[in-house]
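First, one chain by itself in structure tokens, the form predicted alone.
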Amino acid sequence: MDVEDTKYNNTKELILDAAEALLQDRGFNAFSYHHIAQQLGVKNAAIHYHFTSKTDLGTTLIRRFRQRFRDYTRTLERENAGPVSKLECYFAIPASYLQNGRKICPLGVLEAEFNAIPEPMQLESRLLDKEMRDWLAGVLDDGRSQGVFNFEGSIVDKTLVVVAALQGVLQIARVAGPQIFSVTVRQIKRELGVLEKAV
């Protein structure tokens, strides 16, 4: 890769980083290329060079979320993490959003704006939602099979409750304060019947 390729890729990543921060802070429809250009100190044309439309930018951004999640979970698999460790790592994702300026879960933002985002982004959002919930369902299933989780109801139902609680508490924490997040996580653990010795 030559210098020009490196510069191209670095600029593209910087644009995606800025778009990600704006998405989690304001929502997709509340920022424009102008906001990104101001933040990066470039002209709008520089952003259009990498992403011809905002739909292209948004779709690429969601694909990056998907790849990041896959990389994260594959690392946990390589490390032979158990169900409780995986669950803690899952909790760490929204915790990082909260610590980074009380930001909202990217998927939560996209789901809230789902009817107002372009169809290609809707498709990618559905895929991201499915991949994340399928992975968490696998963790809960493994944990219950191994006896470290003990809860009633189906795996699918419990997965939905956990995801909804975490996405919701990030929004509540903006108003009620970050301490509300740890309260919610503790309650989720209680409801999952996580053994204290395993935490």
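Residue positions are given as counts along the sequence shown, with the first one as 1. Just so it is clear, the structure is predicted and the values come from calculations on it, not from any experiment.
What follows is about the form predicted together with a further copy of the same chain, which we do not show.
Using a 4.5 angstroms heavy atom cutoff to a further copy of the same chain in the model of the complex, none of N44, L98 and E131 count as contacting. Under a 4.5 angstroms non-hydrogen atom cutoff, a further copy of the same chain in the model of the complex has E111 among its neighbouring residues. In the model of the complex, a further copy of the same chain sits within 4.5 Å of a heavy atom belonging to S125. Put simply, D25 is close to a further copy of the same chain in the model of the complex: some heavy atom of it is within 4.5 Å.
Though the partner is left out of this view, A165 does reach within 4.5 Å of a further copy of the same chain in the model of the complex, counting heavy atoms only. This chain is displayed without a further copy of the same chain, yet in the model of the complex the stretch 168-176 from 168-176, 66-74, 50-58, 36-44 comes within 4.5 Å of it by heavy atoms. Within 4.5 angstroms of a further copy of the same chain in the model of the complex, the stretch 141-170 places a non-hydrogen atom from each of E152, G153, S154, D157, K158, L160, V161, V163, A164, A165, Q167, G168, V169, taken in sequence order.
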